[in-house]
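Only one chain comes next, encoded as structure tokens, the form predicted alone.
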Amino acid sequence: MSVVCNQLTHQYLSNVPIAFPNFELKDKEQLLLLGESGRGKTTLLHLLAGILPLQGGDIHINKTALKSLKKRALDKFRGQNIGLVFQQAHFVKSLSVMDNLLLAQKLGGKPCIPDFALEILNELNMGFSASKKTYELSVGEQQRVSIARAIINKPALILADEPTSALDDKNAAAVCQLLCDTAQKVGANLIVVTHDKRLQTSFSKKLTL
């Protein structure tokens, strides 16, 4: 697994173009992307996820150039290879935790396997929540389910956007460690985008925007 970003730029309407530093992640490497608000952290994450179109530069994930993929192929590639953990969990509220995970499998073009979904939930100490609605969970529990959803399709890359900003010190450290351990277990690269300087000691590879 590898991630290579080269000469990335992005511009919103009449704003000054944002130029991002080049970086490369090798197999199972993890990166902390630090920066204050307005520095382009979320923009970079959205470029890496294929949510924003590439205007300049290249992104290669597992040697696949994102700009070579048309919309449908890009959506399929994202579902199969990229796991997303957002600052605020976005679930289908009418569905149970289990059904949210199975939906992620279906959208990623994978077979829906409840036993596998339950196995992941158990590994994250969230097996008890399988039949619950996501709104019945605490913020910390929702984050764990977000991580479960992010890894359900065994992605090559996990992207986490400000995963600890709403958490106290103890829970922030726990979620960060959980992300790192889970990425290592599934053999994925991990990129955490944040302004939370508490996470610096958990990453050997860091980049500041």
Partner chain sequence: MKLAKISIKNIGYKPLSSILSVLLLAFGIGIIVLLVNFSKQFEKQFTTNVGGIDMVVGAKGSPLQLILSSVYHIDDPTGNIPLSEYEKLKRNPLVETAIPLAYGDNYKGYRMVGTTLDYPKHYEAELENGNWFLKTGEAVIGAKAAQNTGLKIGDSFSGSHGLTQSIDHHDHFHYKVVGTIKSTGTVVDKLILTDINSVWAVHATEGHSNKSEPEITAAFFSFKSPMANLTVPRMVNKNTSMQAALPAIEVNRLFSLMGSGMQSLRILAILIVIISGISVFLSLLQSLKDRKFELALMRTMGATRGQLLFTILLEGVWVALMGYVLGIILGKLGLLALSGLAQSNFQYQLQIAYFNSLDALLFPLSILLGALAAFVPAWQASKINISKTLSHG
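What you are looking at is a predicted structure, and each value in this text was computed from that prediction instead of being measured. Positions refer to the first chain, counted from 1.
Beyond what is shown, the protein has a form predicted in complex with the partner chain; the following relates to that form.
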I need the one stretch from 45 to 53, 178 to 186, 162 to 170, 27 to 35 whose residues put non-hydrogen atoms within 4.5 angstroms of the partner chain in the predicted bound form. 45 to 53
For this chain shown on its own, do 86, 92 and 106 all sit within 4.5 Å of the partner chain in the predicted bound form, going by heavy atoms? yes
Though only this chain appears here, would residue 132 touch the partner chain in the predicted bound form if you measure heavy atom gaps against 4.5 Å? no
Since only the chain is shown here, I'm wondering whether residue 112 would be in contact with the partner chain in the predicted bound form (any heavy atom pair within 4.5 Å). yes
Do residue 79 and the partner chain come within 4.5 Å of each other in the predicted bound form, heavy atoms counted? yes
Can you tell me whether residue 102 touches the partner chain? I mean in the predicted bound form, with a 4.5 angstroms heavy atom cut-off. yes
Could you run down 177 to 204 and flag each residue that has a heavy atom within 4.5 Å of the partner chain in the predicted bound form? none
